[in-house]
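The data below hold one chain only, encoded as structure tokens and taken in the form predicted on its own.
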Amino acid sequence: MKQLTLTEEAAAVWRALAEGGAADVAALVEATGLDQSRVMVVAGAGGEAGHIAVEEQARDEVDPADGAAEMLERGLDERRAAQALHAAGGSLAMPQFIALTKAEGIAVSAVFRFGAARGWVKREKGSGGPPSVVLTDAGRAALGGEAPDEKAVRLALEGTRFLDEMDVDADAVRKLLGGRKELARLRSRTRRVLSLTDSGRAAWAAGPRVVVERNTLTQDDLRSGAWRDITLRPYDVTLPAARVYPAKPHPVRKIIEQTRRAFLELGFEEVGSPAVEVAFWNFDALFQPQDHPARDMQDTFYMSAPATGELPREEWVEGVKAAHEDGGETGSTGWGYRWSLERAQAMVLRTHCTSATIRALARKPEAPYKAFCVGWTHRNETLSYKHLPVFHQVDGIIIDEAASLATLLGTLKAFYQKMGFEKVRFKPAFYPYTEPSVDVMVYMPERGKWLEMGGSGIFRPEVTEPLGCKHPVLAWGLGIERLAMLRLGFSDIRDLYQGGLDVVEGVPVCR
């Protein structure tokens, strides 16, 4: 017989089997100090040689729910109902029984579902009156004891989790716990029992050669000459390695910083504005009429404290008022209504960052000038795979005497190319403050459709001239979260904030 050659780890498993007989993997892990994967590697090699037999046994594990201990301590609903019926003489008319269970906080559905399945309670038709709920003989007998499923859950809570290790009626436990996830779940497990075959016992008795294996050699191994008896373990570079999750910014923060860098590299100045904004800058300065649907409560969040804010310099306010009412000196007829100073003073949660760029335009109305803002915006939106009520937006303007629609489209395409997108297209749109207006669309391969990223256009004279700007002004507002979806492969915008740490960890560092 060829001499058996074993590593130190394999020898420990073989010794445990030779001295203790058949044992499951858990027992061998405890006896040898090896992890489960190492034991199974030894079992696999021994099985291929015909020296180790592996028997698989199916078993059920009782996994108590989080509130199982409290449920048992309080008493299951059907047990409490049986006790209440016993105290009431063994029977109650249905109305009285419903009133009792309601007063005691007992779920009637659980009583009739699980209590009936146990045979503890039953319904009987009344003679001309309502039906009654009756405690059966089996229910009376169960009052002073412990049902199989109750005992199984208690034992599992105490540390004995497998049915085959419990002194219970396993079939009854399976039946009673099968549809009761709020109490416990039955999980199918496989127990693997290892034993030496006749050839394995003979090979061990003949005396194996134990090989010392190491991952590396130490200085002591080299000095003592022990390296001659050491075998270096081979490295399998195809095996999966442990995932490493280095520290990194949140995906949305990463996209924001890349967006800022892209516009700064294009020569823009970064500006800002308050997240709680006066309606004048958020709506009125953008020539949005005061009766526009977007200004209603269903689209905009209005502040209750402070409810109103201060307006800017008087000439800007008067110019905006005139533009709304009759066009003022812009050559427009305006919206033709009486503009309200009070509505312009209302405080809102900023619905777009154009309030920042229009402030910048008022401060620097002369060409050439380019500015952008990235910040939080708020809209009363319904949550969906592409909508959030609070999100980030990047808004920008270009003031230039030679600015045109071609300049706008070229700038936006250059931005998205910097962000890694080639499939960009534009479609005509309408906005009260730009003419012409276009929506920016980017292709989303995860859903096989084009996704709208935001709006853009050339500010109307009614927007720019009241603030002292006589030049063409290009403007846009683009969603950051939608951009993050596309860049990072998300198909649902909600996952950016609700996906948990594992979602953030799974986002590649470089993408």
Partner chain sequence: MPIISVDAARLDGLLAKDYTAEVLGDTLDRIGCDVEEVIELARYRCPNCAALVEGSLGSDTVKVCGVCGHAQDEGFEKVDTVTAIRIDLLAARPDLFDIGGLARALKGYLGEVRGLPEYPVGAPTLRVKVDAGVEDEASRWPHIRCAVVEMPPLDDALLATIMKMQENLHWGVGRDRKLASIGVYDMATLEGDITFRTLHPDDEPFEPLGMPGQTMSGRQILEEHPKGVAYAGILADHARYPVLIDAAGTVLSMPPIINSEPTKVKVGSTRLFVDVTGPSDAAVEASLAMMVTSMAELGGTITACTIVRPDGAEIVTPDLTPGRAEVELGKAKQWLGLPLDADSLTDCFERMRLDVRPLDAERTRFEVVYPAFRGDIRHPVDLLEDLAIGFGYENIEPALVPTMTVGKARPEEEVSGAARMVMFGLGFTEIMSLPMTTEADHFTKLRLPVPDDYVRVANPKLKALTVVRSHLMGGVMNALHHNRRRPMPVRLFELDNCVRLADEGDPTAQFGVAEERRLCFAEVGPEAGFAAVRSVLDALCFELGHEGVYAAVAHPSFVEGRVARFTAGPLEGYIGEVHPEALDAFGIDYPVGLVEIRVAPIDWEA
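Treat the numbers as computed from the prediction; the structure is a model and nothing was measured. Residue numbers count along the first chain shown, from 1.
There is also a form predicted together with its partner chain; it is not shown, and the following applies to it.
Contact annotation for residue 404: at least one heavy atom lies within 4.5 Å of its partner chain in the predicted bound form. Its partner chain is not drawn, but in the predicted bound form it has no heavy atom within 4.5 Å of residue 21.
Its partner chain in the predicted bound form comes within 4.5 Å of a heavy atom belonging to residue 409. In the predicted bound form, its partner chain sits within 4.5 Å of a heavy atom belonging to residue 505.
This chain appears without its partner; in the predicted bound form, the one residue of 332, 83, 136, 197 with a heavy atom within 4.5 Å of its partner chain is 332. With the partner omitted here, the residue from 230, 107, 252, 172 that has a non-hydrogen atom within 4.5 angstroms of its partner chain in the predicted bound form is 252. Shown here without its partner, the chain carries 271, 359 and 380, all of which come within 4.5 Å of its partner chain in the predicted bound form through at least one heavy atom. Stretch-level contact analysis of 287 to 295, 154 to 162, 85 to 93, 198 to 206 against its partner chain in the predicted bound form, using heavy atoms and a 4.5 Å limit, identifies 287 to 295. Residues 414, 425, 426, 427, 428, 429, 430 of 414 to 433 are found to place at least one heavy atom within 4.5 Å of its partner chain in the predicted bound form.
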